[in-house]
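Just the one chain here, laid out as structure tokens, in the form predicted on its own.
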Amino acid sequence: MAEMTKAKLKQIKKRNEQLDQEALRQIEATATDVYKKVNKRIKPEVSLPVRSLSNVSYSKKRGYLEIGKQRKVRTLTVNTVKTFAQTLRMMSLSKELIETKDFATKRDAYYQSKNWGDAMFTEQTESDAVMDDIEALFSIKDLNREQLRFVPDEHGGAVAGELVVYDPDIDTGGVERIDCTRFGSGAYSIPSSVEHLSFETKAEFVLVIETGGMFQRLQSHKFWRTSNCILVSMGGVPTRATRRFVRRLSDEMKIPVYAFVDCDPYGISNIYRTLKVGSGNAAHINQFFCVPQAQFLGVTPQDIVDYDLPTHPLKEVDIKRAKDAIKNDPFFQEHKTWTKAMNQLLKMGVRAEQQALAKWGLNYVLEEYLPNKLAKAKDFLP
């Protein structure tokens, strides 16, 4: 193995160990505070961010929807003793997972509680709520749920192109080197947790794509090779793992991210907006999962005109979603060019899919549309 690769692997292991040690330190500090207060006959408490839209705002400086300063304090009382005990047991499970370099899904955690005696959960909705509270608690300390070793049940997106992923192997202690150019007509599947991955690339940008069909076309024709890029399939609203993967990739490799989605209110105000600035309902974790540097490549309302694209009429739900975004979404209120674009779409009364570009030929999107767009990246919508 080359010396440079050995140095890379050493760097990966050191970074991962630091992540685990910080998570352990925060868990132990929180538990120690509770223990000391109990010994002093003081009611222990934990302070959690208020997770409601009234405590969410758009930070122009940070580029995402962020949680405010409102907090709710959970104090140990007769009425809260069970939830308090469950919270501590869930933290203890997290500590065990980190120390053993293992992980658990939400469903795993629920069944683990069946060994917790009186602190066990009767329904998974209860364990999910406690896990969400723990994530909110530690998000204040710059830790997310995946760093606490609780991973989603959902699959991530798919990746192809000029990227090498280094993935630690739990069984052997080694590090797997995954070359995303070597999957033939397939692609690398993003794992549920991406915190312990590291990257190597000379790509010029990341292109995130809404639909699996469009991703497959670009991958099968090796668009990533001619454009020196990395392709990421979102498969609709991107999962936590997909967003975190793209965020870490862009941050650490210092490359731009361009989004290619359908031209409809859902693609714009749900899929793209969630990727870029996050969700209002999950504002306490947007700092980890949004990609503020992302820009909207297309399909834009003006593209419908410029490329004479086939369209479908806007549905009532589309119109409602567009008007709501213009009126209430702080991201659209901050970016007037987006308000203008959404109003243009409403005035036209239509929507267009990525695949509509096939009107001009099955490969028109990779031979004409994307090259023309990429030549004018400075004109992309924010």
Partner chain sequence: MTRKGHEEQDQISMFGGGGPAAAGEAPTNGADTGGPMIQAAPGPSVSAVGDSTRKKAKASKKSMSKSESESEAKAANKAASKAKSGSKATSKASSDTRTKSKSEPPERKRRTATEMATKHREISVSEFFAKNRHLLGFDNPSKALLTTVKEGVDNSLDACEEAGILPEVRVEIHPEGEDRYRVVIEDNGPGIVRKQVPKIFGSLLYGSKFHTLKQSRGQQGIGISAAGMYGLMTTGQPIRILSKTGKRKPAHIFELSMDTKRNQPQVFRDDEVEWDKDTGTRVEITLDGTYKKGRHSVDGYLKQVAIANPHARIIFLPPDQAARNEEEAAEPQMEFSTDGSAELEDGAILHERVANHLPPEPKEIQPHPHGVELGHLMKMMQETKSNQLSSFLQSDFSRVSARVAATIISAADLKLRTRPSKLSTAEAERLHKAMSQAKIMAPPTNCISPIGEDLLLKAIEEEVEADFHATVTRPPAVYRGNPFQVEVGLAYGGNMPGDELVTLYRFANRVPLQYQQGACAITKSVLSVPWKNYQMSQSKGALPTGPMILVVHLASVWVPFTSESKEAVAHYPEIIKEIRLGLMDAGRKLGTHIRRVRREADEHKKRSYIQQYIPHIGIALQEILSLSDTEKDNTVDTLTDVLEKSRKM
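Computed from a predicted model, the values in this text were never measured in an experiment. Residue numbers count along the first chain shown, from 1.
Another form, the form predicted in complex with its partner chain, is not on view; read the next lines as being about it.
Participant: Give me the residue from V237, M91, A282, V257 that has a heavy atom within 4.5 Å of its partner chain in the model of the complex.
Facilitator: None of the other options qualify; the answer is M91.
Participant: Let me know the one among V151, A119, A203, V165 whose heavy atoms come within 4.5 Å of its partner chain in the model of the complex, would you?
Facilitator: Answer to the contact question: A119.
Participant: Which one of these stretches, 338-346, 28-36, 312-320, 325-333, sits within 4.5 Å of its partner chain in the model of the complex when only heavy atoms are counted?
Facilitator: Among the listed stretches, the partner-contacting one is 28-36.
Participant: Has each of A358, K373 and A377 got a heavy atom lying within 4.5 angstroms of its partner chain in the model of the complex?
Facilitator: Not a single listed residue reaches its partner chain in the model of the complex, so no.
Participant: State yes or no: in the model of the complex, is some non-hydrogen atom of K141 no more than 4.5 angstroms from a non-hydrogen atom of its partner chain?
Facilitator: No, K141 sits far enough from its partner chain in the model of the complex that none of its heavy atoms falls within 4.5 Å.
Participant: If we define contact as a non-hydrogen atom of the residue within 4.5 angstroms of the partner, is V73 a contact of its partner chain in the model of the complex?
Facilitator: V73: no contact with its partner chain in the model of the complex.
Participant: Might V81 be said to contact its partner chain in the model of the complex, defining contact as any heavy atom within 4.5 Å?
Facilitator: Yes, V81 sits close enough to its partner chain in the model of the complex that at least one of its heavy atoms falls within 4.5 Å.
Participant: Would I178 count as a contact of its partner chain in the model of the complex, using a 4.5 angstroms cut-off between non-hydrogen atoms?
Facilitator: No - in the model of the complex, heavy atoms of I178 and its partner chain never come within 4.5 Å of each other.
Participant: Using a 4.5 Å cut-off on heavy atoms, which residues of 43-59 contact its partner chain in the model of the complex?
Facilitator: Those in contact are K43, P44.
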